[in-house]
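We begin with a single chain expressed as structure tokens, specifically the form predicted alone.
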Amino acid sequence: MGFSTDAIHAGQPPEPTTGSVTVPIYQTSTYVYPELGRHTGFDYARSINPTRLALERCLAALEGGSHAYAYASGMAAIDAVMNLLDHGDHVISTSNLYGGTFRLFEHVLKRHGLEFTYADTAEPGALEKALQPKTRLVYVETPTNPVLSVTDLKQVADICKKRSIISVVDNTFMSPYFQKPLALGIDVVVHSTTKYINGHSDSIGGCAVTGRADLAERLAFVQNSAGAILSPFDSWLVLRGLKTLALRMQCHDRSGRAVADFLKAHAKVDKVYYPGLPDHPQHALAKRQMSGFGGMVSFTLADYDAAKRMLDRLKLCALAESLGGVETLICHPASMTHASVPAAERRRLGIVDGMVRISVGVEDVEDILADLEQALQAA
């Protein structure tokens, strides 16, 4: 089936009792056993829930995996994946990644005995140079948050397979509509379903998808044991959002390109980060690896004061955390999404105080551009 067909139907047959075309919200904590020693396939809602199961089957289909697991947040999904490892194992991570992921790695998982090395995985040779005898997992964000560098996923997968290292990709920025890491040989894909997957800024969630039975078995065990599951209502919301994912991503992509071109030509803007621009360092790779460039654009102004003046003047674009909603969301990474990253490290990564990140929504693009123009005049 095609992507849009799967997004609407995969894992979601009509409800057998009534014929409902929408998967019901099974708001229950437990299920009756027909007799001792036999249940219906559902025993306890932390372990399994029909609404969550429908979502997980749909997500697996869209990413081209065999198993998917839905969690209470994107961070819970990443934490579950890290539970594939043992004390003393070494992880190589993309150096420029979401501040919350950096915080989890540095201030939570290190205390439990995992070791981390941060490398610019978009740079050829950087991953192999960072390898250690104890390396057991490589974690990649691509495009990265917020400087939008792009890593060659097939190359990562090949390096990892040769050494029996687990490869993991955060695919939140692209969604499975524009990028399919599993098809390139990656072992596990994670998403914050809060973002493009749901797309309506009304649910917090995450997921992990894999095509490997051994990893799926462990992820299922951790999901049930730790219990950081997605609720039935949130599962229903994400299922609803998925039905329009293709339509939304097409619009995000069209408008994202228009916003990037507008900012590139603007006198107040110093630099624009967007894989769809021909001068992006990995533009050719992005064209080969992704089927679109998406709606995430970052740009820099002269300094913090210029960014503040611009952001405080916005009328349509919402100054807020998060991304991937139908509304245009804009943020200041250094003080918002990446505040947990030390200032010196932020500067080294290019996350300067004058940087602004925009998640281009699906409003009329002319209105988005007009709001940016009037706000930029204050910069």
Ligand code: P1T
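Predicted model, so just to flag it, every value in this text is computed and none were measured. For every residue, the number given is its place in the sequence shown, counted from 1.
Missing here is the form predicted in complex with the named molecule; even so, the following discussion is about that form.
*Asks:* Could you tell me if G74 has a non-hydrogen atom within 4.5 Å of the named molecule in the predicted bound form?
*Replies:* Yes, G74 lies within 4.5 Å of the named molecule in the predicted bound form.
*Asks:* Taking 4.5 angstroms as the cut-off for heavy atoms, does E35 touch the named molecule in the predicted bound form?
*Replies:* E35: no, not in contact with the named molecule in the predicted bound form.
*Asks:* Within 4.5 Å, heavy atoms only: does S192 come near the named molecule in the predicted bound form?
*Replies:* Looking in the predicted bound form, residue contacts with the named molecule include S192, since a heavy atom lies within 4.5 Å.
*Asks:* Using a 4.5 angstroms cut-off on non-hydrogen atoms, would Y177 count as touching the named molecule in the predicted bound form?
*Replies:* No, Y177 stays farther than 4.5 Å from the named molecule in the predicted bound form.
*Asks:* In the predicted bound form, which of the stretches 316-324, 38-46, 55-63, 347-355 has residues with heavy atoms within 4.5 Å of the named molecule?
*Replies:* Stretch with heavy atoms near the partner: 316-324.
*Asks:* Tell me, out of F293, W236, F299, F173, which residue has a non-hydrogen atom within 4.5 angstroms of the named molecule in the predicted bound form.
*Replies:* Result of the distance check: F173.
*Asks:* What is the one choice in A286, I78, V169, L219 with a heavy atom within 4.5 Å of the named molecule in the predicted bound form?
*Replies:* Here the answer is residue option I78.
*Asks:* Candidate spot T22, G199 and T244, all three in 4.5 Å heavy atom range of the named molecule in the predicted bound form?
*Replies:* So, no: the whole triplet misses the named molecule.
*Asks:* Which residues, if any, of 139-163 lie within 4.5 Å of the named molecule in the predicted bound form when only heavy atoms count?
*Replies:* Sequence-ordered list: E141, N145.
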